[in-house]
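Here you get one chain, nothing else, as structure tokens; it is the form predicted alone.
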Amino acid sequence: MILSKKDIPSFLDKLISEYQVFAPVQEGSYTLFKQISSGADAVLTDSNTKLPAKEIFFPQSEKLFSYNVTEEGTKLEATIDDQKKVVFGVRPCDAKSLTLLDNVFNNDKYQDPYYLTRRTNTIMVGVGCNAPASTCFCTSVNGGPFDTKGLDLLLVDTGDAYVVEVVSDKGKALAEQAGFAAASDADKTAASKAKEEAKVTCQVNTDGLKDKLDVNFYDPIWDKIHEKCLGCGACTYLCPTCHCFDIVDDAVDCNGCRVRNWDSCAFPLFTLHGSGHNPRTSNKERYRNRIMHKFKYFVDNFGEIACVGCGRCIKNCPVNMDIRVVLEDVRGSEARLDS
């Protein structure tokens, strides 16, 4: 199937009449995922958005329920967003990140109805990356510029149009609803060529990394690695797989609500116990935990690395910490970067 670029605004306008539609929009010098009211607002470029799409499913601040306590008892009222949604223009790395977060919010011990309801009711339309950035390393963490994990439809840029690839039943239904024209052999050839020419030039060697982390908790390397880190938490807020949060009550007298807010393992108070004890008092311990969590603990728990190689933490670190170099330092060898 084929979707002409000039037809995208009208395609999105039709979706807006039935769904909440989220797409990259221009905000100053960068793009962010926002709910759009007009298809003309969507901006598709080869660059990834400043923030990942995870906020659509796991908001930075979210009221979980409100409560009222009276002499008759306690009344609870949950607030679950069950609106049908389409996320349009998401990059493959961000789509894959949601499949990783699914492990956190839907497992044998815990199912999060807020996150899961949004996931169930959302159709993911991705755009492949014809020109991955120099900071991208998705192919080193089991991804790729046209990876379809977490997507329902994948769009492949062929110049004036996108070739539409169906990934799931939800995507098939949306494509049939949209009535896309069939792609010609020339369109399919152009899509194949675009995929062949899209090169992720940066490779990070993760061979043996997990084995190293299994035994190096007390290794002196951690005394060095964390030194530049300011503990600002920017990398955690920009990361599509980070999911630390805090729960607070906002109440007056007997009426209030329970709110979930993003938090960060980079912050000193994140692990502060009610007793006053804090198991991670230093920046070294907090930075080690960040690396351990993504490349050891998550692998132990779910069998996958909690990194999709989007490169946001590299682009936006105020002191130019580069996780690619950190990983190579952990492995005990010099950085092996191809660009």
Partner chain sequence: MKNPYLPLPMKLVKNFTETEDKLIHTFTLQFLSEEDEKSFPYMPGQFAELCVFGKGEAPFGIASSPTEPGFLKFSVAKVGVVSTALHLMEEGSMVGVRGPLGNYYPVEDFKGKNVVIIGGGFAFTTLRSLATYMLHPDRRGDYGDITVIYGARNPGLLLYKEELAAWEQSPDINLITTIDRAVDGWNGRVGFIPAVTEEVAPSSENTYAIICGPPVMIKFTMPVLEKLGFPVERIIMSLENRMKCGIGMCGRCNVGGKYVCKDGPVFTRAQLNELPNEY
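Predicted, not measured: the structure shown is a model, and the values here were computed from it. Positions refer to the first chain, counted from 1.
Keep in mind the form predicted in complex with its partner chain is missing from the figure; the text below concerns it.
In short, of 24 to 32, 292 to 300, 307 to 315, 49 to 57 it is 292 to 300 that has heavy atoms within 4.5 Å of its partner chain in the predicted bound form. The contact with its partner chain in the predicted bound form, taken as any heavy atom within 4.5 Å, belongs to 113 out of 113, 159, 208, 231. Of the candidates 85, 258, 119, 149, 258 is the one whose heavy atoms come within 4.5 Å of its partner chain in the predicted bound form; the others do not. In the predicted bound form, at least one heavy atom of residue 263 sits within 4.5 Å of its partner chain.
The closest heavy atom approach of residue 244 to its partner chain in the predicted bound form falls within 4.5 Å. Taking the partner from elsewhere, residue 64 is found to have a heavy atom lying within 4.5 Å of its partner chain in the predicted bound form. In the predicted bound form, at least one heavy atom of residue 107 sits within 4.5 Å of its partner chain.
Contacts between stretch 261 to 298 and its partner chain, counted in the predicted bound form as any heavy atom lying within 4.5 Å, involve 263, 269, 270, 271, 272, 273, 274, 277, 279, 280, 285, 288, 289, 293, 297, listed in sequence order.
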